[in-house]
Structures are given as C-alpha cells and as structure tokens.
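Below you will find one chain, with nothing else, as structure tokens; this is the form predicted alone, and questions on how it binds or moves follow later.
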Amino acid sequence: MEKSRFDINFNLTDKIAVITGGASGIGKATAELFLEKGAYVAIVDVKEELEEIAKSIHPERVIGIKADITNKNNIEACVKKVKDIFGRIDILFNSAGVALLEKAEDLTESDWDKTMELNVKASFLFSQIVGKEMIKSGGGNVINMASQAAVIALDRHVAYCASKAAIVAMTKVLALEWAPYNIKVNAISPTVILTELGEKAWAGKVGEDMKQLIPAGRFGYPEEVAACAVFLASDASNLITGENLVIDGGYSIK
C-alpha cells in the first residue's frame, strides 16, 4: 500500500463482506458498521427470521443466507450465492460460534464435538473455500473470532478455550501461507461482550465478580468489537497479518 492511499476514515467502500453468525450480537453489529463504511454484506446464520433481519439492516446492500455452516456443501452453496449476487468476496468474518460450558470432568462428548464443529471446523472450511476464491481474485481479508479464552484459562471453559486457541493457531498458519497472495488473516479476542446472551449469562453477582478481574472494570459492547473488525478489514491495517487482537480491558495482562 502506498502512503498516499492510506484512508484515515477506514472506508470499506464497495467491498463485499461475508459475516457468519451475522444475525445477532457481534456479527450483526459488525454487519451494520461494515454497511456504514460502504460495504455490501452477506450475513450467514441459522435464524428463521434471517431474511427480515437482513432487510432491516439494509434492503438492498445486505442479504441473508440461512445455512448450517458445519457442512462443507452448505458453505460452498453460500459462497456461490454471494458470488452470483455480488460477484466476489473481499472480506470474510468468521463470527459464528457456541459456548457450551461445563466442568472438564462432566463435559459430554457431544458438547465437545458441537463446540469444535462450529467454532473450529466451520471457521476453517469457510476460510478454505473463500480463501481459494481470494487467491484467484488477487487478495482479500479474513477475520476470525477468537476470545480471551484463547490465551487464558477460564473455569468451565475447557472446550471453548481449546476451540479458540485452535482459532488463533489456525489464523497464524493461514496468514503465513496466504501472505504471498495478498490475503490478510487476523483474529479478534474479546472479553465478555454485552450481547443479549452475554447480558443474561453475566447478570448479577457473577458478572460483578468478573468485572473486578478486569483492569478496565467493565465488559465490552458489540460495537467495540465491530470497530476493531472494521480496522482489520480496511486498508489501514495492510501490514498486519497473523495477529490476535485482544480486546479485554486488560484482563489477560495480569
């Protein structure tokens, strides 16, 4: 990137973005901010009301694609649909995920498998399929949703921690292999984010106790993660690849 092309407004004008888990929480906040920055967005989710959610964000620049992304054939169909409508894919944000929490000795094999299928397998397969398209088109940008759980141990999070650590490792390898093709690959690792689910899970004493462990003294908001995704998706971050951007108010520095 030439210095003269540096965009201090972090615009995504006419970029084509795919966001998994884009119907709620961090994914939806990111879709809204990507749109505000000029992108066209395809949100991929399993919610029944997905089409209405997409239209509510923008009736023309945002589309919804309902799919179970733990299945490779479904991912291939998603990518084909996005290409048929928008022509290409410039940005992939793997935001879909699940947190099934239990003590290690009590975690079921089924919950371990579900965690790995959505958090790791789906993110890899989507990256692999979109990555091939980006290699052919001359470049692109992949952002993976990790977590502070990737870098620090959390009680009852054995499957979740393992899956997010895998995401960070995967991010580094993809960044290494795809850098020659002008593809950036980075991860984002938030602390507790006050999505609808986050507010319920961390309400009351358990949340207040957790905040005491965070130097900033609070949890995050979906828009704060979305803002980091915009930075990583923009030309302003063209020298950044293979990194894990931790957004945790200082929780993991202690």
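Numbering starts at 1 and runs along the sequence shown. Note that the structure is a prediction, hence the values are computed from the model and not measured.
What comes next is about the form predicted in complex with a small molecule, which does not appear here.
Proximity to the small molecule in the predicted bound form, defined as a heavy atom within 4.5 Å, singles out one entry of Ala96, Ala159, Leu174, Val82, which is Ala96. Contact annotation: of the candidates Val18, Ala23, Leu12, Leu232, the single residue with a non-hydrogen atom within 4.5 angstroms of the small molecule in the predicted bound form is Ala23. Stretch-level contact check against the small molecule in the predicted bound form with heavy atoms at 4.5 Å: of 175-183, 69-77, 135-143, 101-109, the positive one is 69-77.
Looking at Lys47, you'd find a heavy atom of it within 4.5 angstroms of the small molecule in the predicted bound form. Using a 4.5 angstroms threshold between heavy atoms, Gly64 stays clear of the small molecule in the predicted bound form. At the 4.5 Å threshold, heavy atoms of Ile193 reach the small molecule in the predicted bound form. With a 4.5 Å cutoff on heavy atoms, Gly198 counts as touching the small molecule in the predicted bound form.
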